[in-house]
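Just one chain is shown here, as structure tokens, and it is the form predicted on its own.
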Amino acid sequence: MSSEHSVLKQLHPLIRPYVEMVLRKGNVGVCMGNLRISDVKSGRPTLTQTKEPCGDRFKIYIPFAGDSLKWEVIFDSCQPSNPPDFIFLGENGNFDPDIEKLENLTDWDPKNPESLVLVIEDLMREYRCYQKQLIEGYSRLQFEYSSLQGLEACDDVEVHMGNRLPGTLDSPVNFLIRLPIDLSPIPQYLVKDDPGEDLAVLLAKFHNTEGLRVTPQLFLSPKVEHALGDNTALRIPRFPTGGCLLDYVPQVQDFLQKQIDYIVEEYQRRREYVAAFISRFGGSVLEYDAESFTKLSLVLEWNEFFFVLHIELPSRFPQDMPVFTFQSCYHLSKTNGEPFVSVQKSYPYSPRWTGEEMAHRARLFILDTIPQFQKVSVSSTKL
């Protein structure tokens, strides 16, 4: 934020609003990435320099298909109401959009602070068309791109061949694919602190025109990452030798959907488990986690011996069994002076049982365990 403020201070006051809007609203492309501004300079002659900032040209960095485009935007601080010129750096002069298709540039509105944003959107539309034309000379790449159009598992796609001479392939070709993802079934506590966008994009890097080696990588927005886990921990399917995006993209989309279904199922099973204990031990419930349903505490009594049972559900419940911690209400540990506890991690359990069955089996286990727990707590501690 401080770097953006420094950039804006260098700009001519009448040019600054256009750039402010670019930094605020200029999220473009499949990844909806932020635009970056740097290298602010002035084209005004030295003799006409004024005390006010007169920066009127700068470089703009635009995320596109896993790469970053670098363009130069040139205003005239002596006539700041005029539309800007553009230099498309790194394109060897090959990207030459038709000015007639850039309506927001030909009909530049100096009173609209979003005018530069609109022009960039027009240019990006033309740049995408330019990249599509570049891959027409490569049958494999053309097949990959055309096969993704209208694919249900693909919301949008960008392809970038970068800076290369016609008919050559000097560096990898990137396909950036936006995958449909719906987090609405996800428990609210997992996403409430990340109100951003539900975004998952797949970057497929083709290292040659024949697709003999393709490297896939998954990128998630903070909201999706918080709900599903770090993208580095999610092991997406390997791109098969001889495979194609038409078959591979649905596999990745199915993989993400299974992750969502798994999280929802885990949550529902935890809620069912806690609800069963509340139903069976309602009057004994001390407290429970009503948001994520990962903890439950009960105050129980056996032959006038009172104790607290803490139940903690692991992240992989019901595959992994809950941990039972018996805590005495009377006896303190000799070592630390805290209430005497006994942790039970092994008892009759099956992940296939219903929550009601688990609560029933837990009751039987408690009845079997508490006499020994009482005996040990009395003999191993002091009042």
Partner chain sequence: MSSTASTAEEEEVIPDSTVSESAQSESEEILSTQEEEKEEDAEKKDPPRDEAPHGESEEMNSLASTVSSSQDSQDSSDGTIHALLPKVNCPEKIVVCLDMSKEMSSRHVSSRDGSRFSPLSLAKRVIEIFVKTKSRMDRRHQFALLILHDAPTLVTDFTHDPDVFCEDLRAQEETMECQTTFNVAQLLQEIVQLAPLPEIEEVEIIPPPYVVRVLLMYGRSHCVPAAPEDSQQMLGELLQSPHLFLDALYVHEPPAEDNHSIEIFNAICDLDRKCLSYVYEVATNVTMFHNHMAKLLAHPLQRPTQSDTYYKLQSSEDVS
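Residue numbers count along the first chain shown, from 1. Keep in mind that this is a model prediction, so the values were computed, not measured.
We do not show the form predicted together with its partner chain, though everything after this point is about it.
- The candidate site formed by Gly283, Asn303 and Glu312 is fully in contact with its partner chain in the predicted complex, as each residue has a non-hydrogen atom within 4.5 angstroms of it.
- Contact with its partner chain in the predicted complex, defined as any heavy atom within 4.5 Å, is confined among 133 to 141, 175 to 183, 271 to 279, 151 to 159 to 271 to 279.
- Residue-level contacts in the predicted complex: of Glu265, Glu287, Glu103, Asp230, one residue has a heavy atom within 4.5 Å of its partner chain, and it is Glu287.
- Ser297 is the sole member of Ser297, Ser115, Thr209, Ser147 with a non-hydrogen atom lying within 4.5 angstroms of its partner chain in the predicted complex.
- Though the partner is left out of this view, Met21 does not reach within 4.5 Å of its partner chain in the predicted complex, counting heavy atoms only.
- None of the heavy atoms of Val376 is located within 4.5 Å of its partner chain in the predicted complex.
- A residue is said to contact a partner when one of its heavy atoms sits within 4.5 Å of a partner heavy atom; Asn34 fails this definition for its partner chain in the predicted complex, lying far away.
- A residue is said to contact a partner when one of its heavy atoms sits within 4.5 Å of a partner heavy atom; Thr325 meets this definition for its partner chain in the predicted complex.
- In the predicted complex, the residues of 353 to 370 lying within 4.5 Å of its partner chain by at least one heavy atom are, in order, Glu356, His360, Arg363, Ile366, Leu367.
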